[in-house]
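Here we start with a single chain on its own, the form predicted on its own, put down as structure tokens.
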């Protein structure tokens, strides 16, 4: 089992999955994206998360993405792989293949079709952990899984050597602080925030960093925000967090449906010449009018990113 930083601190983008066709990776776009992220100073990469449209991809494409990502990264930063699935066996298969490819950790949200109760989720994890070859990060994502990982489950998880931390995407700072208060139970256990609009606050108050979708577009902005908050520089944290808020308003606010966030990030990445805007089916990319709004937003935001 590879060793990860304990805790894993900083900005770990949930990486986009560049697509050339329905079930084909854009390999050149993937390399440009990874180079862009590493040049921006990110502290790790998380593939096959929500922003990476993980559950929408075939198992073949997931395996190829993991292998190619690890090959490009070459150990420069930790690579985490999302293994969330409705199939217990497929989660194990992807975990093993990820370890063979050179990944450093795994990320798992509760199964999302038949939502487990707290005792069932604990039993699920008890069965899964012995099968996993890499450290596991829990993923609290109640908006999509219909399950919130309870504090009792987290207390239990902190006693499991194979569980290294949690990504909290509940968007509840009450929940975040309840988890943060448990950290002394397990020194080195990682607590990462999901919504980037809460990154500065979360780090100032004791979180270890964030898994920020916007870092696919502007990685240096999010890294600088993390550094300012980690240093306790409140004026700079506030200024940079305000820019992150503008990114959310201008990029994520285009479109009327939940898919608009990923569509916005992919369209912005295309505007920046990183990779195409193709979405995993069945979702279409933005229409031309929406693309023009994103293009204008990227032009307007770029001068702010270097602050």
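Source: prediction; values computed, not measured. Positions refer to the first chain, counted from 1.
Unshown form predicted in complex with another copy of the chain; subsequent notes refer to it.
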Given that the partner is absent here, state which listed stretch (98 to 106, 74 to 82, 210 to 218, 139 to 147) has heavy atoms within 4.5 Å of another copy of the chain in the predicted bound form.
139 to 147
Residue 180: touches another copy of the chain in the predicted bound form, heavy atom cutoff 4.5 angstroms:
yes
Should residue 132 be classed as touching another copy of the chain in the predicted bound form when contacts are defined as heavy atoms within 4.5 Å?
no
Does residue 270 reach another copy of the chain in the predicted bound form if we count a contact as any heavy atom within 4.5 Å?
no
Can residue 50 be called a contact residue for another copy of the chain in the predicted bound form at 4.5 Å between heavy atoms?
yes
Restricting to 19 to 46, the residues within 4.5 Å of another copy of the chain in the predicted bound form through any heavy atom are 22, 23
